[in-house]
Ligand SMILES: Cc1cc2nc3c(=O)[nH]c(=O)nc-3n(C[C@H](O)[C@H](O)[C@H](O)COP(=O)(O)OP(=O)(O)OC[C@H]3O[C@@H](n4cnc5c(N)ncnc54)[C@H](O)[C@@H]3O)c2cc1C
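Single chain ahead, by itself, as structure tokens, in the form predicted on its own.
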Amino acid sequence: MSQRQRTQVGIIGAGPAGLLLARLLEVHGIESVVLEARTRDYVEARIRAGVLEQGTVALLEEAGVAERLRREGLVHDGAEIATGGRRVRIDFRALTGKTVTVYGQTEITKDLIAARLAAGGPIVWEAKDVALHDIETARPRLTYDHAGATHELVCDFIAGCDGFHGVSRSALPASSRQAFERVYPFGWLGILADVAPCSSELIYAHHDRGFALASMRSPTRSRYYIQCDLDEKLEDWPDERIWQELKVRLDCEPPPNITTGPTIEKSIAPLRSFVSTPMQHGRLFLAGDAAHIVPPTGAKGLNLAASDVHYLSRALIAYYKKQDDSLCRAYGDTALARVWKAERFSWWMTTLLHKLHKKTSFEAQMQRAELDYLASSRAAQTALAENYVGLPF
């Protein structure tokens, strides 16, 4: 049996991008329906990023979902680069007047879901075989299967927030779609452990054995990453080996106080830079990982999704409240201008800090020269800081 429903904005994907967009629209009285292929338990358990730009925090406050973030989030005034046995602190607050906040994407997702459901906003979990129709018309449609029935959702607009592997991007005409991609020849082994962080701020380490990152989720939960080969398996990395490798790669002055313990989550992820253009066609808009991926080195993935949502929410609010479609028409170009700057910074951080070349190569000497310049130049540190804390919307 087929069932038909009507809404103003159909949103595909209940990740942070889709949920934040739905919440911001809801604050302004704009209706939406969120379709999610996975279960709520699966979505709320995904381990993802945790460093938020001030602009992202401001959007969450605007959406009315920042109460727990303000209570539990860790505000960081800077971060450190470890290279050549020393730690160089980049003082975000002194250099830019801005900070970042450590608060896990998992927690943001939980907060957004709770707010959505408390306000009675619909989320369709386990929406299968989602398909987009008539995106070039004034009445685009979504069809999907749920609970044994086929459903049709008629919208004014569709927001594709369903990630890199979602269906939204493929709905754009192949003749106009173009992809730009860089796949990096290594991965990140990431772990979570219920131990105190080794430092009060993040440490990005460049080492002859490979990159490492010391991060955290709370004062009692640490997040670490190690550069590894793409063909390595988790069984190759027992906890003892991980902690030993971290102690080697984070060996610098002053020495971080690494507390070891059992890992509670462990994964290996590939790194890529990816942008698909255009980010809109007809009444379909792409946001977040559906349109672009950044390597996690620059802490830009979640923040770039929030940037898209900032532009898209403003465009839709202007359309419904002022009958002004100019921001909708400009959305793709406006969002992409900021996307490419974040892609550049993430690519630069990745190529600067990872082991990519033989130690005796010209390229390796250039890495060292760049790191030495960063350590000695306030101008270089300011450029890093202003990109890390987030360029203006």
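Given the structure is predicted, the values throughout are model-derived calculations rather than measurements. For every residue, the number given is its place in the sequence shown, counted from 1.
Unshown form predicted together with this ligand; subsequent notes refer to it.
J.: Considering this ligand in the predicted complex, find the one stretch among 288 to 296, 134 to 142, 177 to 185, 275 to 283 with heavy atoms no farther than 4.5 Å from it.
T.: The contacting stretch is 288 to 296.
J.: Applying a 4.5 Å heavy atom distance criterion, does residue 22 contact this ligand in the predicted complex?
T.: No - in the predicted complex, heavy atoms of residue 22 and this ligand never come within 4.5 Å of each other.
J.: If you check in the predicted complex, is residue 48 within 4.5 Å of this ligand, heavy atoms only?
T.: Taking the distances in the predicted complex, the answer for residue 48 is yes, it comes within 4.5 Å of this ligand.
J.: So, in the predicted complex, is residue 100 in contact with this ligand at a 4.5 angstroms heavy atom limit?
T.: Outside the cut-off, so no.
J.: Classify residue 302 as contacting or not contacting this ligand in the predicted complex by the rule of any non-hydrogen atom within 4.5 angstroms, answering yes or no.
T.: Close contact exists here: in the predicted complex, residue 302 approaches this ligand to within 4.5 Å, heavy atoms only.
J.: Just to be sure I understand the contacts: of 115, 167, 318, 242, which is the one whose heavy atoms reach within 4.5 angstroms of this ligand in the predicted complex?
T.: Exactly one listed residue reaches within 4.5 Å, namely 167.
J.: Using a 4.5 Å heavy atom cut-off, which residue among 105, 96, 260, 218 comes into contact with this ligand in the predicted complex?
T.: For this set of options, the contacting one is 105.
J.: Is any part of 12 to 36 within 4.5 angstroms of this ligand in the predicted complex by a non-hydrogen atom, and which residues would that be?
T.: In sequence order, 12, 13, 14, 15, 16, 17, 18, 35, 36 come within 4.5 Å of the partner.
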